[in-house]
Structures are given as C-alpha cells and as structure tokens.
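Presented as structure tokens, the chain that follows is alone, the form predicted on its own.
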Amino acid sequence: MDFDLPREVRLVRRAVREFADATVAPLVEQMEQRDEFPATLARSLGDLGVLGLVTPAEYGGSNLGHLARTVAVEEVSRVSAAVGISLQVHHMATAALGEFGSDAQKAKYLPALCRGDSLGTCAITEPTGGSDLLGMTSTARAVGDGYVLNGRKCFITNCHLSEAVVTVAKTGEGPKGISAFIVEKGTPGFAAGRHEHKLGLRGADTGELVFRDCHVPRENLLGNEGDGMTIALKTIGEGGRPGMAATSLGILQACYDESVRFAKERTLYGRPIAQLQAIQWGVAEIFAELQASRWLCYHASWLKDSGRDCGVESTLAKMYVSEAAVNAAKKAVEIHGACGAMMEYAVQRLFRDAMVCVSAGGTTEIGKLVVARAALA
C-alpha cells in the first residue's frame, strides 16, 4: 500500500492552504459578524481552480478527483469551516450534474459553476426532514412541455448564491416516484426565502427555497423521470457525507493547531502548560482523533476515485469525524481554560462550527443505521 498522496493532490493542498491563509483568513471575522458569504469569494475560488475539482476538463474543470476535493475542503475548513461547507455543497451539485446531466445540461451549467459565476447547491431537505426522502411533500406535476413544482426546501447551503439549483420532487409514488430537476434563478414561482442564522458555520449561506406553481421545462429534468431517489442518495452518500467529513477534518486540524500553539505560549507555575501532563494528554487525544479521522476521509475518497463502492466508508467517515471534531473542539476549549470562553480565541468558533457539522449532511444516528446494516450483513 502507498500512503503518499499523489503529486497533483499535494499541489492542491499547498495552493489551497496558501489561499486559505492569505485570502480566507482575513474574511473570517467579517463572516462571523455579518453572517454573510463574501461576494467576491466564489470567483476567487473559481480562479484558484477548486470549484471544478470533480468536473471534466471539457466543461471547465480539472477532474482531479475526490481525494483532491477532500484535501481542498479540509484545507479551507482549517481556516473557515463556513467556506468549507459552501465548497463541498458546490461540489455535490457539480458532481450530480456531471454524472446524471445530459451533454446539453453539462455544457450549459458546469463551465459557469467552475468559473465561480455562482456556487452550486442541492436542495433535498424539507421541513419534514432530510433523511426521509419518501416522506417529502414537494411535488412536480407533468404539464405540457414541462413540470410544475410546488413545495419548500429548508437548511439549504448556498441557496441565495446559486444561479441553478439541483432539487428533487415527487412525480409519483414509491422510490421510483421521485425525480430531479435543475431550476434556474429567476424562474417564475421560484424564490429563495428566509436566511437562517446558525450557531456555527456563520458566513455560510443557509436558507430556504420555495416553489409555487414553478414551471420547469422538460429539458431541465435531470436524468430520467423517476431517477430522483437514485440521484439524491448518491449525491448525499458519495458527495455530501464525505464532504462534511472533510469539513469536520479541517476543524479537527484547527483544534490541534490552536491547542498546541496555546499550550506552548501559555505559562503557569513558571513554565509552559505544554509541560503539564494533563495538557499533554488533551493534546494527545486531539492528535489521535485527527490521525484516525484523516485516514477515514482519505480512504473513502480513494475508493470513490477508484470507481469502487464507497457509500458505507463515506458514511462512516462522516459519522466518526464530525463527532471527533466536537470532542476535539471541547478539549481545545478546556486546554485554553478561561480563554476558551472568550470570543477573541478561535476555539469557541471551532466548537460552534463542529456542533453544526454533526447534523449537516446526515445525522450520526442515520450514519449508525447505514453502517450497522453493512456490519450485520
């Protein structure tokens, strides 16, 4: 086995790390205060090349693959998990379009998404829940040369930033009664609704999408009628869950970095607290979680790039790493002592961000059900 990252992935890591430190870091406080995604950042991400990591070159991407995507999301999330989740959700949309879109759809939407003209999004979750796809209430009724959509989607990342939304709605009953659509901003009857204000991941655009007698032309059907369940499950399972795992991994890395820095700089009893056994144990626990989490994320991404089934491994990565990030952030706050409760220190933001990541992209409980089915098979 070769545990070295491919050269092109190492280059992605270096480029994204430099970009995150130079361009994203100065925007973090503004994002925290305003809870808005910076207007120029999508184009900057496009110029960097990370918006097209899982998109073929003929449509404006680099097609470097999902391991490169994981590393990019990890490096961005180390500085801002809000930007990390925005990037990974964008990749969910481009991957869905790339895999299930027609040649005409890919040529129409993917180049603009890779440039950063807007960020992509997938709208699946509804007020009734995100995991119960068959329980969705959004409908799409075939009328003439298209479909009329009615319904509401909630907790959608990038919903106010996207020019073209990938969404699903019921066209019938049962698993084959769900279809996927591409809905463009400005379509009559389609609107972005409220902007959600979250505990963490502040600056990531989160809100609702509303469809009221929204007419979508037939050529905007993604895949075939009845493919919506397959598209949604694949997009969530092989895109959303490993993407959230990578976002959580970046938080974990930041927890480690902040804890080590503080432990070396903070003195107590006349010496750095890094020399105290209790602090050493805390740092060791964070480091262990970081190492285990990184290989879970990388393995799932490697499987995806190898064309092998990665659903269980991606779910396992999301389930484990998001919880590990919460544990690490809590430990990092404790290592900082009273300073950990102060807004001037990054660890309080890392804790809030980690808490939001637990439910985003599939809860831990859903993850356990998926992993249990495989473990008991």
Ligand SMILES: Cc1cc2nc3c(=O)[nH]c(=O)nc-3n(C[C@H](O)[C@H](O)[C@H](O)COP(=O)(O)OP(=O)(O)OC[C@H]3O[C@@H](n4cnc5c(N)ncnc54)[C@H](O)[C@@H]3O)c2cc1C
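Every value quoted in this text rests on a predicted model; they were computed, and no experiment measured them. All residue numbers are counted from 1 along the displayed sequence.
Keep in mind that the form predicted in complex with this ligand is not shown, yet the notes after this line are about it.
Is Ser138 close enough to touch this ligand in the model of the complex, meaning at least one heavy atom pair within 4.5 Å?
No - in the model of the complex, heavy atoms of Ser138 and this ligand never come within 4.5 Å of each other.
With the partner left out of view, is Asn150 within 4.5 angstroms of this ligand in the model of the complex by any non-hydrogen atom?
No - in the model of the complex, heavy atoms of Asn150 and this ligand never come within 4.5 Å of each other.
Is there a heavy atom of Thr94 lying 4.5 Å or less from a heavy atom of this ligand in the model of the complex?
Heavy-atom contact with this ligand at 4.5 Å: absent for Thr94.
With the partner left out of view, is His299 within 4.5 angstroms of this ligand in the model of the complex by any non-hydrogen atom?
Taking the distances in the model of the complex, the answer for His299 is no, it never comes within 4.5 Å of this ligand.
Would you confirm whether the three residues Lys198, Val356 and Glu365 all fall within 4.5 Å of this ligand in the model of the complex, going by non-hydrogen atoms?
Yes: each residue has a heavy atom within 4.5 Å of the partner.
May I ask you to choose, among Ala245, Ala72, Ile85, Leu252, the residue with a heavy atom within 4.5 Å of this ligand in the model of the complex?
Exactly one residue meets the criterion: Ile85.
Please identify the residue among Leu119, Ala180, Ala123, Val79 with any heavy atom within 4.5 Å of this ligand in the model of the complex.
The residue in contact is Ala123.
Which of these stretches, 187 to 195, 270 to 278, 284 to 292, 126 to 134, has heavy atoms within 4.5 Å of this ligand in the model of the complex?
Only one stretch qualifies here: 126 to 134.
Would you mind checking 9 to 40 for residues with a heavy atom within 4.5 Å of this ligand in the model of the complex?
Sequence-ordered list is empty.
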